[in-house]
Each structure stands twice: as C-alpha cells, then as structure tokens.
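Single chain ahead, written as structure tokens, the form predicted alone.
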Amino acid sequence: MYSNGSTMTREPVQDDGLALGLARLTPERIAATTQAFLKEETGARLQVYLDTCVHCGLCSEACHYYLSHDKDPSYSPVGKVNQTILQLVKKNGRVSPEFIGQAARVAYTECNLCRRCSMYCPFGIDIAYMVGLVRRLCFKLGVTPKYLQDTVNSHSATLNQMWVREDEWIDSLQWQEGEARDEVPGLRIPLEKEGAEIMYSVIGPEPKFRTQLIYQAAVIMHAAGADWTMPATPGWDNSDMAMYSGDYELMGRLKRAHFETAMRLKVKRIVMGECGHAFRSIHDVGNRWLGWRDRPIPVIHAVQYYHELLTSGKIRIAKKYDEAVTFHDPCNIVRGMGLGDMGREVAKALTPELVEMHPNREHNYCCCAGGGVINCGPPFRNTRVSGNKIKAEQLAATGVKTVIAPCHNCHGGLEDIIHHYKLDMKIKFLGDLIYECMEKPWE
C-alpha cells in the first residue's frame, strides 16, 4: 500500500539496492537533500509544468503501462507525477523513507522515459523530465535498484557497462577479425588508425554477448570500402546507464571520454551501432550536461549510416530477405530523432514487404526495456512484461514472424515480450539483414 495519499497496491519486490539505501535514510536527511536539490537543480521549468498540469489525464492513453494494466490510473503518467515529484514539492521534501522507496520503484521501473505521453499532453508537458528528476533525487539519496547500480559501477570502474577489461576488448576485436577473415580474405578491423574518416563505436554488450554484430559491421565496412577505425582504449563504449540512474556526473565523464577518444584519433565523425539510449546520451543529454554548445565531432546513428551506404551504392543488395517484416520504432531514435522514415527505407530495400504496426513511427509503443528499466534486472522483469501487454498485441496483429528493431535494449525487451506472450516471432537488427542480403564480391 502506498503512503502518499493513494490507494494503489503493487506486488512486493525484493531489491537489495533499494532496501540497503532506504535503511540508511532518515526523514531529516531526505528533507535536507530534497530541499537542496529542488533549489539547486530545478527551477522555472519544473514549476511551470506543475502549475500548468490540470490533471486531465489525456496523457494516460499514451502510456503502455496504463493500457496494459486495464487503465489503472496509478500507472498513468499524471498518476506517476502525483505519486512522486508533486508530493516532494508540496511537502518540501518532508516525506518518509517508505515514500522514497515507492517513488524510486515508480520512477525506475514503471516509466521508460519514452516521452510518448508528452505528445498527448495538450500543454506539451515533458513528464519524462519530471520522472527523471525523481531518479536524480533517488540517486543523491543512495536509493537505486541494485542491478542498475551495478551497471553504473562498471561504467565508473572500466568506462563500459559490462566490466570488459582493456585486454578483453582488444582480444574480442582481434577474435572477430580472425573469424571474419575466414569469410573475407584481407578484412581488417583497424585499431587506433589516426585520421580515419569514421570511428565506429558500440555498446558494452557487443563484445560481451553479441560479438556477431562486430563481425557483421566489419564485413559491411569492408564491402563499402570504408575508411574506419575502432579505439583500443577505454572510451569505446557509447552506452550510458548513469544517465538513467541519475548519476549525471558520471554521465558527463563517460561522454567526455568517448568524444576525447574520437578526438585523439582525429577522426572526422563517429558512427554508432544500433543502440537507442546511447544515441540519446551522446547526441542530446550528455553533451549538454557538459555545457557544450554542440558535439565536438559529428555523430550519426547506424540507421543513418546504412541509409547512406545503400543510397550511395557503396552497398548493393543481392537478394531480398525471405519473408515479410514489421518495423519497431525505438523511442530515442524515432520519437527523439525522427529516423522512422529513414529506417523504413533501409528495411524496404532489404525485404519483400513491410507490414506496419499501428500506431507507428513516433506514435509507436515503447519496448518497455529502455530508459534503464531492463537494467533494473530480474527483480523487475515481471513488471516489464506485464507492463507491455499492449505491445504484444500490437506485434501479434501484424501477422508477420520477423520484427526489425535497430536498438539493443529494444531487442532485450521485445525478446522477453515475445517469449512471455508466446508469439511466433523473431527479432533482427538492420545490420543482420544487410549482412545477409548484400552483394559479397569475394564470394
């Protein structure tokens, strides 16, 4: 039972990170930290949003949690605001540790910060911004989910989210180069090539779990005749769970390291792999936290790069994928960057038929894994899959068996949804299809 004036209930979840942080809190510390936070890190923007919101509930129909829980108002975006930041402001931080625990659960595990609700608000209120403030405060109070904090600790210690040591990173690249050379004689994954046109950057799970994506990228780069390189030093990982935990200081450190690595190599631009949240961090949030007017080196997402390769003729398609597909719109590169049509152009060049989900593009439903929610780990897996029944229904309605999702977290979230709701579907990256369908002159 929530103690913030509502009557919502949730199944108990044991999270050691939240429990340990809450055990260290006192009402006095909460009040002092909250008051300082509201004074130093918020201002007119938050106050205007709180004053403007009329609690009309028009944002509710935008939220996958709300729709998937039989329109329970406690899962609505305005309900989440009422349960968290509104109470903190009204009470000037004079709340109990129990309240902070409830607010942390709402902010970290019942909102993906996908910003779909902002499109439905008649006043354009950025509800994700307000929920993000709750995460920031919880971080400052030391109340973060254990698995998410473990990922952030890895960022802090190794500058990547998977505790990949520097020698392991280099070994992974050399391993994939060796594997790829068995298929493509003469292929190289250039390390530390100064002055290359492109620095190709990936996220931590690629060398750890999805090394085939590095293999495929190397083959695509080779076929396109790209002038490219990858760094051999920390700074190669463009992912950023600190952005989602509320540790903005570390977020800034990660983005600085990434850009400084590219600048050290004197590359002309950064091409990112198929990840959404990393694009949000490196293209929007992290650089602004550092106070930079713009990115010191241009950055493009894999969707943009693949589109460039196909339209310029540097990559030619030899055959079509063998069945119809649907296209999932990752929040951070479609709603956040407008790459929906470009992604579809790439997909249509590779497939015989693209069957749209409805709604689609910037109106598409979130995968329910982004926003750091999947990184909150096993304790909250059921929260994710039950919170996105609406996405399962949307996928099933297409009638196809392949969904393209150009984002790592979307893959993880959609895989869980497909498994939980027993959908007969598989998931592909755009790079998977390009590698499978492109001309390979060496063959």
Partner chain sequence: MLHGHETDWEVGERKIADLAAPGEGTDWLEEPHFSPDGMSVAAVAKLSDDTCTVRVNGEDWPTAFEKVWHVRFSPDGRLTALVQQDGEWTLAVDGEPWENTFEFVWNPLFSADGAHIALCVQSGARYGLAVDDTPWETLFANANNATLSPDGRRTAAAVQTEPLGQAEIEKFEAGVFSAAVDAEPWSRNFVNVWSLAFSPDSARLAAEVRTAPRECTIAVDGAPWARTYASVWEPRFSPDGKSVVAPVRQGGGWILARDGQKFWDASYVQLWHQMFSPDGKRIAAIVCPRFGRWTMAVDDRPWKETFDVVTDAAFSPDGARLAAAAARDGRWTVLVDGHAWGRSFERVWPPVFSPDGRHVAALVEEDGRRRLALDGNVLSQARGDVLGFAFSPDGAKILSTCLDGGACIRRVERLGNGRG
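Positions refer to the first chain, counted from 1. Since the model is a prediction, treat every value here as computed from it, not as a measurement.
There is another form of this protein, the form predicted together with the partner chain, and it is not shown here; the text below is about that form.
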Which one, 168-176, 76-84, 235-243, 125-133, holds residues whose non-hydrogen atoms are within 4.5 Å of the partner chain in the predicted bound form?
168-176
Among 149, 253 and 296, does every residue place a heavy atom within 4.5 Å of the partner chain in the predicted bound form?
yes
Given that the partner chain is not shown alongside this chain, does residue 431 nevertheless sit within 4.5 Å of it in the predicted bound form, heavy atom to heavy atom?
no
Contact test in the predicted bound form: residue 354 vs the partner chain, heavy atoms, 4.5 Å
no
Does the partner chain get within 4.5 angstroms of any non-hydrogen atom of residue 263 in the predicted bound form?
yes
In the predicted bound form, residue 193 touching the partner chain (heavy atom, 4.5 Å)
yes
Counting non-hydrogen atoms within 4.5 angstroms of the partner chain in the predicted bound form, say which of 314, 363, 320, 288 makes the cut.
288
The unique member of 267, 272, 331, 282 whose heavy atoms fall within 4.5 Å of the partner chain in the predicted bound form:
267
Does any residue in 149-163 get within 4.5 Å of the partner chain in the predicted bound form, counting heavy atoms only, and if so which ones?
149, 150, 153, 156, 157, 158, 163
